[in-house]
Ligand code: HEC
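Starting off, we have a lone chain in the form predicted on its own, written out as structure tokens.
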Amino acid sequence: MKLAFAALLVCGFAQAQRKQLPEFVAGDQCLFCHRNDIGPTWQKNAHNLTVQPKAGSADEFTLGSRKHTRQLRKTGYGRFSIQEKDGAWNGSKFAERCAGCHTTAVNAETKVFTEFAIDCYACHGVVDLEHTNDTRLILLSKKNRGGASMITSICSSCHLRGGESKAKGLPYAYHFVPGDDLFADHAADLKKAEDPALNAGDRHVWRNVRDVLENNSETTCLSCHQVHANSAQKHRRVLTSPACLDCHYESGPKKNVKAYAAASVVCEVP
């Protein structure tokens, strides 16, 4: 079964919608082999910090980072309560809104997650253990980049804020596994790319997704961002294009970036 799945990843999208999530190798097992190349920086990686355990506590966690954080409390396997602004604890909101992008492998029927924060599976999918002998068997490897549409599906599963699952109406897709076609279930009106109410960061994501899906662009998030290195260094070397003007000025140094405030109804960020 693992080999069959790997073959689908090499050839193209796997099945559109899954009735249940597949078994997968957890990130701790990945780091056993990748402890020297990925391990030293992963603890500080933004994907690994979408949910952070509080020091000295087994049941308390922090959601988000930088300017916007919320407090979480473990209420059972794969479940968090989230603290509201008035200090009350909400037992369902995290599962209904946050889990799809801040945790790994959410069962859309029970809304229970498998791992808090973003694990290797969230980007690489089901990993065939034979990939140590043939790296074509793992998605996003140098020998299996997956193509622009597939990369866009993976990144959009969290970063394209504003769509919803056709199957469940949740703000995250139903049992999406990297290698699947996200948009078979995740409804996203790409006209939103021109919404004047969008902040510059979200508009940039929507326009890029639209360019890939509708205009066959080969430019993806990975063209500019190095996920493992937690770096956008490649972004600084990209030639100027119309997409740059979402954040940068048409003339002058690129280091001069337009000021904007991130906003999200789902994330309750004003």
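Given the structure is predicted, the values throughout are model-derived calculations rather than measurements. Quick note: we count residues from 1 along the sequence shown, nothing fancier.
There is also a form predicted together with the ligand; it is not shown, and the following applies to it.
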Is Ala197 close to the ligand in the predicted bound form, meaning a heavy atom pair under 4.5 Å apart or at it?
no
Taking heavy atoms and a 4.5 Å cut-off, does Pro171 contact the ligand in the predicted bound form?
yes
Mark Lys54 yes when one of its heavy atoms lies within 4.5 Å of a heavy atom of the ligand in the predicted bound form, and no otherwise.
no
Tell me, yes or no, whether Ala88 is in contact with the ligand in the predicted bound form, where a contact means a heavy atom of each within 4.5 Å.
no
Is every one of Val205, Val209 and Cys247 within 4.5 Å of the ligand in the predicted bound form, counting heavy atoms?
yes
Proximity to the ligand in the predicted bound form (heavy atom, within 4.5 Å), stretch among 107 to 115, 121 to 129, 73 to 81, 187 to 195
121 to 129
Restricting to 18 to 44, the residues within 4.5 Å of the ligand in the predicted bound form through any heavy atom are Val25, Gln29, Cys30, Leu31, Cys33, His34, Asp37, Ile38, Trp42
